[in-house]
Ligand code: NAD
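Just one chain is shown here, as structure tokens, and it is the form predicted on its own.
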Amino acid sequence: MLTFTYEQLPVRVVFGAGSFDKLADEVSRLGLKRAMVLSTPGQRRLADEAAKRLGVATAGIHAEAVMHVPVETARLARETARRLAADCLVAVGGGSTVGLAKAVALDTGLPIFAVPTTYSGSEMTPIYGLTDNGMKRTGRDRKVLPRVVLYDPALTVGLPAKVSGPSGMNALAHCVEALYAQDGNPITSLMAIEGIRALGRALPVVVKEPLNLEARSKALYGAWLAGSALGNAAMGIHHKLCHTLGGAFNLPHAELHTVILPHAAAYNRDAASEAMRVIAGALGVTDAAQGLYDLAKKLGAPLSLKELGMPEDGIERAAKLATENPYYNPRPVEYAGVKRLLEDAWHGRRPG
């Protein structure tokens, strides 16, 4: 007999090519009039486009988002929002920009309108993260969950293959961990499986044919499902390691997920055998860990922590940090096993 708890997250999703043009209508629908537009410095042009669409409803632009959301960056954005008397936030970009919007919302309660341009899936979760002195702290709070998400695949067409691949692997990681989460449920599993299937098929096409709008749309659909799955399930060893390594060594977020994911799957292979069977089936392979590694390789994505710039002598430190306060995981999170996982990931070995 089935027994589970599932809580529907209240997010309005507008999906399809041209959705970006509906931004002003969505802000107006909630009676809001002073939107602060957020982006990274590199996506300032897109922030300007958002401001143009908002017209008089634009309070100002803050193009200062960076990865891992340092507390200093979050503090500056909060001060700017107060100075501009913003009544809402428009986050245009990837996980770094959405993460900054969440940091502001956590403190101010301002509603977020997210316009994703990558496949991180962060826009569909109530999960936030802040980095302080090399330590990344994460949490969950309904205040940081975007009120509206506008998915426009046309905005992802310019995303380079070297960014698209890792970004999609980041989304896949959300699906994988949702399938063996302690608080998983059938609804979340359905979204995770469909997300893996969609991303596994779309990403190779996206990398090979960047202008293929149909493939871009399927990848964005997979990212939506991935974020939805993560928003309703706890994180395990994979996300714990990524948060630890990202905070301690300032490694690139999506690429870090790409490298760690196959090894995290291998770590849990026996303890979560049913989840691994389902993951392998959705990818059309015989082994989940090896299939994830082979997909990353096919996408031309980084395969080792060494490539990302992590020093080899940081492995022991990372293993200690990751095991001091571990997330729930189907296999116990123990120093020796985690150290071996990190050694394999540092060298970029294909999971055995």
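All values reported here derive from a predicted model rather than from experimental measurement. A residue's number is simply how far along the shown sequence it sits, counting from 1.
From this point on, the text means the form predicted in complex with ligand NAD, which you will not see here.
A.B. asks: Choose from 302-310, 317-325, 22-30, 61-69 the stretch whose residues reach within 4.5 Å of ligand NAD in the predicted bound form, heavy atoms counted.
C.D. replies: Flagged stretch: 61-69.
A.B. asks: Scan Ala77, Ala181, Cys88, Ile127 and let me know which has any heavy atom within 4.5 Å of ligand NAD in the predicted bound form.
C.D. replies: Exactly one residue meets the criterion: Ile127.
A.B. asks: Name the single residue among Ser189, Thr73, Asn232, Thr156 that comes within 4.5 Å of ligand NAD in the predicted bound form, judging by heavy atoms.
C.D. replies: Selected residue: Thr156.
A.B. asks: Heavy atom to heavy atom, is Asn170 within 4.5 Å of ligand NAD in the predicted bound form?
C.D. replies: Asn170: contacts ligand NAD in the predicted bound form.
A.B. asks: When the contact criterion is heavy atoms within 4.5 Å, does Lys136 count as touching ligand NAD in the predicted bound form?
C.D. replies: Lys136: contacts ligand NAD in the predicted bound form.
A.B. asks: May I ask you to state whether Thr258 is within 4.5 Å of ligand NAD in the predicted bound form, using heavy atom distances?
C.D. replies: Result no; Thr258 lies far from ligand NAD in the predicted bound form.
A.B. asks: Indicate whether Asn268 is a 4.5 Å heavy atom neighbour of ligand NAD in the predicted bound form.
C.D. replies: Output for Asn268 is no: heavy atoms all beyond 4.5 Å of ligand NAD.
A.B. asks: Using the arrangement in the predicted bound form, list in sequence order the residues of 41-61 with any heavy atom within 4.5 angstroms of ligand NAD.
C.D. replies: Only Gln43 sits within 4.5 Å of the partner.
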